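Just one chain is shown here, as structure tokens, and it is the form predicted alone.
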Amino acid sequence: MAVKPKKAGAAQQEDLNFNHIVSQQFDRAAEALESPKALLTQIKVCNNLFSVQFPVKTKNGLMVVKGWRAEHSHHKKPLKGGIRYDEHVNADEVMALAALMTYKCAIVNVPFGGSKGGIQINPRAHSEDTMERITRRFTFELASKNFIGPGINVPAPDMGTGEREMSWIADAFSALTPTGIDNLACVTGKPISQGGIQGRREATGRGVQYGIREAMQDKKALKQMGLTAGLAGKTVAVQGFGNVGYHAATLLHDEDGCTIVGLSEWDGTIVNPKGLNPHKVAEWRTEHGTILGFPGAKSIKNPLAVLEVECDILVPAALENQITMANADKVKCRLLAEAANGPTTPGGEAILLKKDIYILPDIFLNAGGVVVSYFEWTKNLTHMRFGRMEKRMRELDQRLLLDGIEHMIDRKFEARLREQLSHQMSELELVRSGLEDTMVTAYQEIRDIFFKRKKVTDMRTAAFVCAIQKVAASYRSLGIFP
């Protein structure tokens, strides 16, 4: 997590309203399309915004809690999007995030409309009992206005929430609808024991890894970046060491051989050009309550300092509006991989593009969470464990194949082949395989638009064009628009 940058100098002339920024990004992409204005307006606007405030009794007395749930688009049902707990969250932020959910679902071909929720509270400042009361009451409020349900609107974790909060939501919803057979599908990101799915916790971070990995194999993109193919040995700085940033850092470090040269949290940045072990940094944070002071690293009491670390790949995985007109010229990466929602303002992006920095936009790169949420939702609806129905048939097919070829090849190779083919993929392996294929396919669709359309000059615009075209196709199929 990071602090919001102060307005200074040129940044004072920049509109930092997140909802306005997303609208600007949409408008830029719309200029590259020849769609009816009415259709574009329908896609752009937020359909519904539910605002609520309610009292909650705490050990310190009564407090009034404010919350929102935005429904951006109903072109697909149900709607999907996380619930954010943050003391700075507001209606504009929730609507902007809901719009991004619509676009990212379209990009990765997940059949959901976009939604988002938020409660204006600092979860670290309250007891578990108070947070449970707030979560359950918010669930009741959503249910009373038909803003939650397996076929209506399906929340998920976001900043400040996790499996614990999702389990409270699922339990509260089940209490309200005791005869619902598909109640567990009312929310995703649940614990495994409560209908969750293997790989959901790491999903957004792993999606970031897969997206970066694919970009680092793209010859045209590499030419713009001035980098060689592959991730081994590439230097990476990560802003934000929460769920997304932690998993992105550890996966790039462990599986791809990247050197993590910078990490930041809400209270500061640590830097080591020779490399940081993210697992040991996490252990240090658990023991000391901060990443600052980590042995062998330079500690800087400024969470934004990580954005200025010299590296091949910069991964902002914290809040929106982190790279602005005030600091974009100090960014020293070749690939900006937006793991957070809206980390770069339009003014900041213009500066980065002039420096030929290749940007993987948020509406593509952090879609891993909703992809795996889709897997969890379908698992809850079918009431069937992944792979269960086809397991026996696959075993029989593989046995026939092996029996037919065992006399045609040498025994050592036959043994290795038998071991490989007889391996039964676990739920976790199936989830990872499905996520990787989804991210690779989405990247290729976006980069084709970027490199082949004359009016598209950057990857973000290409991603928005990709999303708008798919949402427009859904509305046209309803027979409402030409």
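Quick caveat: nothing in here was measured; it's all calculated off a predicted structure. Sequential numbering from 1, following the sequence displayed.
The same protein also exists as the form predicted together with a small molecule; that form is not shown, yet it is the one meant from here on.
Only one of 363, 99, 156, 249 gets a heavy atom within 4.5 Å of the small molecule in the model of the complex. Which one?
Looking at the other structure, the residue within range turns out to be 156.
Go through 322, 209, 264, 373 and name the one with a heavy atom inside 4.5 Å of the small molecule in the model of the complex.
Comparing distances to the small molecule in the model of the complex, the residue within 4.5 Å is 373.
Against the small molecule in the model of the complex, would residue 341 count as a contact residue? Criterion: heavy atoms within 4.5 Å.
Contact check for residue 341: yes, within 4.5 Å of the small molecule in the model of the complex.
Using heavy atoms and a 4.5 Å limit, would one call residue 190 a contact residue for the small molecule in the model of the complex?
No.
4.5 Å heavy atom contact, residue 118 to the small molecule in the model of the complex:
Output for residue 118 is no: heavy atoms all beyond 4.5 Å of the small molecule.
Can you work out whether residue 72 and the small molecule are in contact in the model of the complex, taking contact to mean some heavy atom pair no more than 4.5 Å apart?
No - in the model of the complex, heavy atoms of residue 72 and the small molecule never come within 4.5 Å of each other.
Looking at 294-302, 137-145, 365-373, 329-337, which stretch has residues with any non-hydrogen atom within 4.5 Å of the small molecule in the model of the complex?
Careful reading of the contacts points to 365-373.
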